[in-house]
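Listed next as structure tokens is one chain, alone, in the form predicted alone.
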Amino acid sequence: MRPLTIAVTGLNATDNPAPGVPVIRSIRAGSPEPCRIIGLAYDPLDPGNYMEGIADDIYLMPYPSQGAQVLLERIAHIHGQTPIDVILPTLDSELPTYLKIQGDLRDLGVRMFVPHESQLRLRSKAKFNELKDNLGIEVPKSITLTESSQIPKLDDDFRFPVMVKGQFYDAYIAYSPMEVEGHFQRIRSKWGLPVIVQQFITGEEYDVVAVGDGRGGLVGAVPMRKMQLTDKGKAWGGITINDPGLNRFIEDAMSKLAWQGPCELEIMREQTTGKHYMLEINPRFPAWVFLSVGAGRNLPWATVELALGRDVAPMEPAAPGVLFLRHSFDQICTLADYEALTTAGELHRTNK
């Protein structure tokens, strides 16, 4: 009988790492039997391609911009060589393409447990006001900018400073309309329109990794507070938090969203009132997800079980005071392995 085989994307592991490597580590930690891991990489130089104990097989994948049919054909080819039971996409940019082929994958016997397309649209910062208007989830006041002529009118609606954000990436603090203008032009040239201006809230920020059952239930959540940041503002160290008010906010938001699959929530507790605000919803695991294993709440493995149609009991809140501290090291690999990926587009290895 062949082992359970799980494919995971996002094997980049630089100073702004993708979630793939920690997701794989979590799966290996959670599986009661040895499983086979297929790494789906976009670049031959992704460090996760060469790490011992991570992937048994690595395949180069077409970029999402090449379209759903190209992706489906590639997965069907891989599936013909090494049958896949579950795929866990871990990158924002690839989820819409995977959703387009979800039915075809199911026909092949390949399962996923990911957010619905409507939930992907809701997490867009340009539509964040709808979370409050339609679902009653508290969010910072925001407006979308499609042209710079709107900027002088911001004084009518906001007190400075404000946050200036791209629809999916980048965020800057602006202390004046002039600074908003500079950030607007930078974001527009890099990510396009619209640009979002958002109320600036002073307080304590929390990051939360969570999994919803798609029916309004919360399978599990691990909140943490960042302790170390990179120059890109990414967490390089953090500590788990158990706060009853925060836990209630998370459970209520996941219920109203009826969220299916993994997500990362960014939540702010306002300094003077203690009120919680949803700042962002990212529809995949964060790169620090291995902290959930350390906290005794293995959310990637729970997602695999949900994809397989198994029942997963709701998890109790994680214990506070568990830390993660990220570090970097030099990954040694061979030219032969690199050549295998660049020429054949695949690499097969035996983990010890």
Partner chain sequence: MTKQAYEKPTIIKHTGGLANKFGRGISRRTLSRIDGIPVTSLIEEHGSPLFVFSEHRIRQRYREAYRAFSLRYPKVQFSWSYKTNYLDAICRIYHDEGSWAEVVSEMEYEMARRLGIPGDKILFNGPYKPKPALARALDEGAKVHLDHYEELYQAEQIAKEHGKKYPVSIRVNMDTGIHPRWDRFGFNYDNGEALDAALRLHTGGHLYLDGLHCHIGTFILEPDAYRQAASKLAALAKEVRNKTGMPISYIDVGGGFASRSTLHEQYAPGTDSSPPIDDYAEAVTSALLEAGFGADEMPTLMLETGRALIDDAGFMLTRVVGNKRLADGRRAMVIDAGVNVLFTSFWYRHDVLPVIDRGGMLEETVVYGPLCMNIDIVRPSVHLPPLEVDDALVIRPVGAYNVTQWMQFIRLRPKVVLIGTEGQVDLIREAETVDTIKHLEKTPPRLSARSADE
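Take the two forms, find the largest set of C-alpha atoms that superpose within 1.5 Å, and that set is the rigid core. Bear in mind the structure is a predicted one, so any value in this text is a computation, not a measurement. Numbering follows the first chain given and starts at 1.
Just so it is clear, the following notes concern the form predicted in complex with its partner chain, a form of the same protein that is not shown.
Among heavy atoms of M61, some come within 4.5 Å of its partner chain in the model of the complex. Not displayed here, its partner chain is approached by R121 to within 4.5 Å at the level of heavy atoms in the model of the complex. Residue contact with its partner chain in the model of the complex: L45 places a heavy atom within 4.5 Å of it. Interface membership of R186, defined by any non-hydrogen atom within 4.5 Å of its partner chain in the model of the complex, is ruled out. The stretch from 23-31, 308-316, 284-292, 36-44 that comes within 4.5 Å of its partner chain in the model of the complex, counting heavy atoms only, is 36-44. The partner is absent here, but in the model of the complex a heavy atom of P194, alone among P194, P140, P161, G203, sits within 4.5 Å of its partner chain. Residue-level contacts in the model of the complex: of G67, G321, G296, G53, one residue has a heavy atom within 4.5 Å of its partner chain, and it is G67. Taking a 4.5 Å heavy atom cutoff to its partner chain in the model of the complex, the contacting residues in 140-164 are T144, T146. Core-superposed comparison between this form and the one not shown: the CA of T146 exceeds or equals a 2 Å shift. Relative to the superposed core, F200 undergoes a Cα shift smaller than 2 Å between this form and the one not shown.
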